[in-house]
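Below, in structure tokens: the form predicted on its own, a single chain.
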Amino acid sequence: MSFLRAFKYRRKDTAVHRLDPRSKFLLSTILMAVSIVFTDIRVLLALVFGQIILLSLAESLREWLSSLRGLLFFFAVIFATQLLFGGTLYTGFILSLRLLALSSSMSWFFLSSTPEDIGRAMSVAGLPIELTFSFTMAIRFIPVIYDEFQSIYDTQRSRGLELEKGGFRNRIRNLMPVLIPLLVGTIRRTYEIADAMEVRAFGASPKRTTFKPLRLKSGDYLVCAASAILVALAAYLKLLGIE
């Protein structure tokens, strides 16, 4: 579950962190779409390299590299399925590279955007407050669940539970003493949040105000222009027959 670290916000004072979440989300969505559309190794490598630059500007490259360990399992599954069903190592490499580009396209966005800013951006877009709140809470829950999983995992190991012995089936069975407390704790936390929302009269007023309104700045316009250029470049590559 270490790949969840790529979706935990880190408070830093960088040019990427200061951007409006709407412009960052636009660029992130376009990068994700290009990663899905293309399978050419040159395009995918360019996408990964560009996102490494974004992560470096956000000073979040170390967190991103740490989260890649969680993707090793998925890379292994991709290579195994390709070899078992008539694929090649090259195809497995391309699909793994695409997965890396896809995960990175949202990683730098979540690492540099607070859940509050994302919620404000969704509210400005006219989305219902219930949907906005649910999405924001989901973002907050991801790192919390990971931290709680790691805490329960370390606690069970300190008590002598051997979680890494045996085959794949035994390891899954050994995880039950970790997953059950994690599930119970998650359900208990959702009830606490629901009670807190009810006490604060959530949804009583249909019109909500915000303490920190969102405003596009010069850097945001540059990001939007870069997004438009990326879309035009992707369309041009498609016209050239590059897949």
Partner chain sequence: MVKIVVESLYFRYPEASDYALRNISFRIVEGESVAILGENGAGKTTLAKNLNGLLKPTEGSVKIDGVDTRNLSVAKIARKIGFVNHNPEHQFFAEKVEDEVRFGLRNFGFSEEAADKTIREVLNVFGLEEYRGKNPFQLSGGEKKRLAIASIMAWRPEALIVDEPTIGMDYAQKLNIRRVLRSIVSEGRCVIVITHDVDFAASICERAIILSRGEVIGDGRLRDLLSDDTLVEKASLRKPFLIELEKETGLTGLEEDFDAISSTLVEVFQKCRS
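Numbering follows the first chain given and starts at 1. Keep in mind that this is a model prediction, so the values were computed, not measured. Take the two forms, superpose them, and find the largest set of C-alpha atoms that agree within 1.5 Å; that set is the rigid core.
The next section is about a form of this same protein that is not shown, the form predicted in complex with its partner chain.
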query: Partner contact for residue 152 in the model of the complex: its partner chain, 4.5 angstroms, heavy atom; finding: yes
query: Residue contact check: residue 53 to its partner chain in the model of the complex, 4.5 Å heavy atom; finding: no
query: is_contact(residue 127, its partner chain) in the model of the complex, heavy atom dist at most 4.5 Å; finding: no
query: Any non-hydrogen atom of residue 70 within 4.5 angstroms of its partner chain in the model of the complex; finding: no
query: Complete contact of 156, 176 and 184 with its partner chain in the model of the complex (any heavy atom, 4.5 Å); finding: yes
query: Listed range touching its partner chain, judged in the model of the complex by heavy atoms within 4.5 Å, from 42-50, 58-66, 184-192, 27-35; finding: 184-192
query: Partner-contacting position among 77, 99, 161, 106 - heavy atom within 4.5 Å of its partner chain in the model of the complex; finding: 161
query: Residue 217: Cα shift of 2 Å or greater between the shown form and the other one (core-aligned); finding: no
query: Threshold 2 Å Cα movement between the shown form and the other one at residue 158, rigid core reference; finding: yes
query: Flag for residue 149, CA shift 2 Å or larger between the shown form and the other one after aligning core; finding: yes
